[in-house]
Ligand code: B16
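Single chain ahead, by itself, as structure tokens, in the form predicted on its own.
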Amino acid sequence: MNPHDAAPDIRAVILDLDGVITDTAEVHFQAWKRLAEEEGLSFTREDNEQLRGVSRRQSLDLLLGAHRYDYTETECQALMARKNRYYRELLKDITPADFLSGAPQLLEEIRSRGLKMAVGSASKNTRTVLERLGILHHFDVIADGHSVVRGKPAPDLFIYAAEQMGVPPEQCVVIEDAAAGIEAARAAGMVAVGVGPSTRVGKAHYRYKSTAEIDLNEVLGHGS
């Protein structure tokens, strides 16, 4: 999409984790699939796409569908804890080999330009994944599922990250692969960069097919 109405003086970049730096979508799928099967529910890869970028609780509600009213709050909490246990077991296999193509180079380029950098992810396991990838120390701020009450598409997570970095929202770029994340970034008044198909991230100010194709020169010239 054509850029408009944003300050050219970009001082910080906020990156989503899944789908931008690494892809744990398959790990999430396997964990949710196991839970669904144990509960006698159908769960497909297409269903899993609907969970992209949203919180664990929102994901559970989507998985349960109309059946969510059959579960008490205590039971829902237990289901989420079980899914997270399955997910964390699978995370043990993640290594720096699981970077998405171009991700290490993008992080290095952001840092070399003197920009502040944060992760803005709905996942409550963000720190664990960053540790497994060996890049936790690269970030000035970690904004994750523990940081705010309202998850994406609410702008709270990105606003929190900007506040922690001491940078006004309009001077932040958000790199996201989910529709909910693009909506959150725009609601926060930030420059939205989408990674993926237009059907998913077409509302971003800029869209690239992959992390490796992101052109920081183009993005950082936004509004100039």
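Note that residue numbering follows the sequence shown and begins at 1. It should be emphasised that the depicted structure is a prediction, and the values quoted were computed from it without experimental measurement.
Same protein, other form: the form predicted in complex with this ligand, not shown, and the subject of what follows.
Visitor: Tell me which stretch of 52 to 60, 66 to 74, 35 to 43, 183 to 191 has a heavy atom within 4.5 angstroms of this ligand in the predicted bound form.
Guide: Residues of 52 to 60 come within 4.5 Å of the partner.
Visitor: Test of understanding: in the predicted bound form, would L17 fall inside 4.5 Å of this ligand by heavy atoms?
Guide: Residue-level check for L17: yes, a contact with this ligand.
Visitor: Could you confirm whether K83 comes within 4.5 Å of this ligand in the predicted bound form, counting heavy atoms only?
Guide: Yes, K83 is a contact residue.
Visitor: Whether N125 contacts this ligand in the predicted bound form should be assessed with a 4.5 Å heavy atom distance threshold; does it?
Guide: So N125 counts as contacting this ligand.
Visitor: Would you check, heavy atoms only and a 4.5 Å threshold, whether F139 touches this ligand in the predicted bound form?
Guide: No - in the predicted bound form, heavy atoms of F139 and this ligand never come within 4.5 Å of each other.
Visitor: In sequence order, which positions of 177 to 201 have a non-hydrogen atom within 4.5 Å of this ligand in the predicted bound form?
Guide: Only a single residue, D177, comes within 4.5 Å of the partner.
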